[in-house]
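The data below hold one chain only, encoded as structure tokens and taken in the form predicted alone.
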Amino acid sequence: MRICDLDTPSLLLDKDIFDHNLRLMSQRARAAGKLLRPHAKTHKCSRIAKEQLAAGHCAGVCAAKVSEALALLCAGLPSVLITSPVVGKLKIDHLCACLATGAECLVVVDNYDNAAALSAAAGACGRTLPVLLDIDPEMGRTGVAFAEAPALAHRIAGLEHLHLRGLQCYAGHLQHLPDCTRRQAESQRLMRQTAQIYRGLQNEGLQLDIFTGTGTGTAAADLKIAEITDLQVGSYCVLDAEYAAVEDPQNLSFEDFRPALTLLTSVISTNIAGQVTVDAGLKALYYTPAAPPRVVRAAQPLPGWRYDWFGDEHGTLFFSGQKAPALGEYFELCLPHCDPTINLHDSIQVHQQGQVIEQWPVDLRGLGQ
């Protein structure tokens, strides 16, 4: 089957570009003496997670939610770090199910009472739970403040059924900061503060071996922080228009990583001069005015073409100065933000040179608990 034989809208993954992105990030981590811990929240696909591990130099993968972690472990992934606190009986029960798989499951904590509840649950099922202390990178989402981290680390280390392995510091608010110099400087400032705590706790006798964090937008800078052991990069494998806009609004490149994922859409109405309606709206792709979808073909931008949202089911293509497209004609859109767009689809059509070679299920879709 060729791409043009697919129904629309459909998610397309260019396997050659995807493989290039995996190799490049792996090479950069290896050269810096780091490991990768790729974040599956980006793609919600256990097959992609396995491809990332197969590319090499990985400590495991990350998940945002305990439900994602359980699905990944049941799919055969050997090690999963849950990067958000697991709070409440139902979620802690699911965490115990993760431990029961026999694979490695780690979780972050930022609160002593939550840590104590995790310790009690792990003890009840005869396990020791590896945990990381989550550091707040002045973002205010999760994590403990820098000044409070050492004391909390020692208290958590004293809990019987927890094993404090290290620290997490993920500055999500910096990943799309347009000013590259400021983005890198801010990230390194925060990572160095965390590194100081990491070294201090080691000097105080805690056996820490993990300092994890960073993302696609700050990886190049954070690779230079000696204490960081692994990088939680996510979007690098497929990339999107939002990351492309950060680096260069005119090109679809981000430090040599390229968008591998596009959305195939087709023209369903041509009745208005200068524009056509396509079958991809909010139910097919996440939309943000800050980084609208880019109209592409064979991974290259189509000059003079512009997509705009036109409702839940529809979008509009404007083509000032261009030949009007025909009814049923196909176009590809470089996604504004890969994570929430992938979560809208059941599968990804994998292709090489226009030929569909595989279909990968988005088997973690909808797992938000």
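As the structure is a computational prediction, the values presented were derived from the model and not from experiment. Start at 1 with the first residue shown and count on from there.
Omitted here: the form predicted together with a further copy of the same chain. The next part is about that form.
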query	finding
Segment assignment from 158-166, 122-130, 205-213, 83-91: heavy atom within 4.5 Å of a further copy of the same chain in the predicted bound form	83-91
In the predicted bound form, Ala64 touching a further copy of the same chain (heavy atom, 4.5 Å)	yes
Residue contact check: Asn111 to a further copy of the same chain in the predicted bound form, 4.5 Å heavy atom	yes
Gly143: touches a further copy of the same chain in the predicted bound form, heavy atom cutoff 4.5 angstroms	yes
Partner contact for Glu186 in the predicted bound form: a further copy of the same chain, 4.5 angstroms, heavy atom	no
Check all three, His154, Gln196 and Gly200, heavy atom within 4.5 Å of a further copy of the same chain in the predicted bound form	no
Residues from 355-369 in contact with a further copy of the same chain (non-hydrogen atom within 4.5 Å) in the predicted bound form	Arg365, Gly366, Gly368, Gln369
